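In the form predicted on its own, a lone chain appears below as structure tokens.
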């Protein structure tokens, strides 16, 4: 333990198993798992890894990720301890001040109707964010109901669905640049695209979100509606990494989504070992019980190859795949 404290600026664990930290529940271990508790510790952890010639992999909620079997060399930085949501202390506080107030805030925030913003550290869970929205009557991201993962990862990949995306509510993102410095990026200076925050090698440390307001009852009802719709169409109780593929250009796919293409190729229920294309939604691969990462990754490649062969469409992975030797 003393060695870890000497090497790293935050809690650190060598040879740390990662399968239990992902929704797919497969994969090997990290040579080092660092667990910062604040944005400053995250910045220092990123800097320490880079000083040792390592490009750190950032682990949020593990919702959209498959980790390969074996040991991943280098550093994985988890953000689960950075689960802090704050309300700005005054309407005239800018987004930067909202993130700076930190744990020592002692002033009561303004009425929510006057300042419908939330400042979140990167490790805030989507579940926690939606619950806070429900309690405060905040609108704009009800569609996150039932979505796993952390807001930092959601911003980095511009998580979303049909007709909505996380960046629609972003006012400012606090980034850690590769040189180890903080940089605040206002929404108007950012260029997010479909399933990509386009943040380059920068790491999300925090985000300020701006919402609309409504009644607590109405917001709760909308959240419940999204939950019911998700439960009806997706394998929400199964171990999976969410949608495997991005939806392709409609002109190239004949207007079919990724899931519809996979279904049209007759691949629902296809298995390799205990990895299975979901019968409920063809753009999900589920761990049917005891699957290995090798099986999951092989099935992803098989599905992608079959769609290309049968339909002439090259699907692009939405799921992040952490393979030895390639930081992701």
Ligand code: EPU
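Keep in mind the model is a prediction, meaning the values are calculated, not measured. Positions refer to the first chain, counted from 1.
What follows is about the form predicted in complex with this ligand, which we do not show.
S.K.: Whether residue 211 contacts this ligand in the predicted bound form should be assessed with a 4.5 Å heavy atom distance threshold; does it?
M.R.: Close contact is absent here: in the predicted bound form, residue 211 is far from this ligand, nothing within 4.5 Å, heavy atoms only.
S.K.: Wondering, does residue 271 line up within 4.5 Å of this ligand in the predicted bound form on heavy atoms?
M.R.: Looking in the predicted bound form, residue contacts with this ligand do not include residue 271, since no heavy atom lies within 4.5 Å.
S.K.: So in the predicted bound form, does residue 125 come within 4.5 Å of this ligand, heavy atom to heavy atom?
M.R.: Judged by the heavy-atom cut-off of 4.5 Å, residue 125 is well away from this ligand in the predicted bound form.
S.K.: I'd like to know whether residue 294 contacts this ligand in the predicted bound form, with contact meaning heavy atoms within 4.5 angstroms.
M.R.: No, residue 294 stays farther than 4.5 Å from this ligand in the predicted bound form.
S.K.: Work out which of 160, 94, 74, 220 lies within 4.5 Å of this ligand in the predicted bound form, going by heavy atoms.
M.R.: Only one option qualifies, and that one is 160.
S.K.: Identify, from the list 131, 89, 196, 257, the residue with a heavy atom within 4.5 Å of this ligand in the predicted bound form.
M.R.: That would be 257.
S.K.: Please identify, from 132-140, 239-247, 114-122, 180-188, the stretch that has a heavy atom within 4.5 Å of this ligand in the predicted bound form.
M.R.: Result for this chain: 239-247.
S.K.: Is every one of 164, 234 and 283 in contact with this ligand in the predicted bound form, taking contact as a heavy atom within 4.5 Å?
M.R.: Every residue of the candidate spot has a heavy atom within 4.5 Å of this ligand in the predicted bound form.
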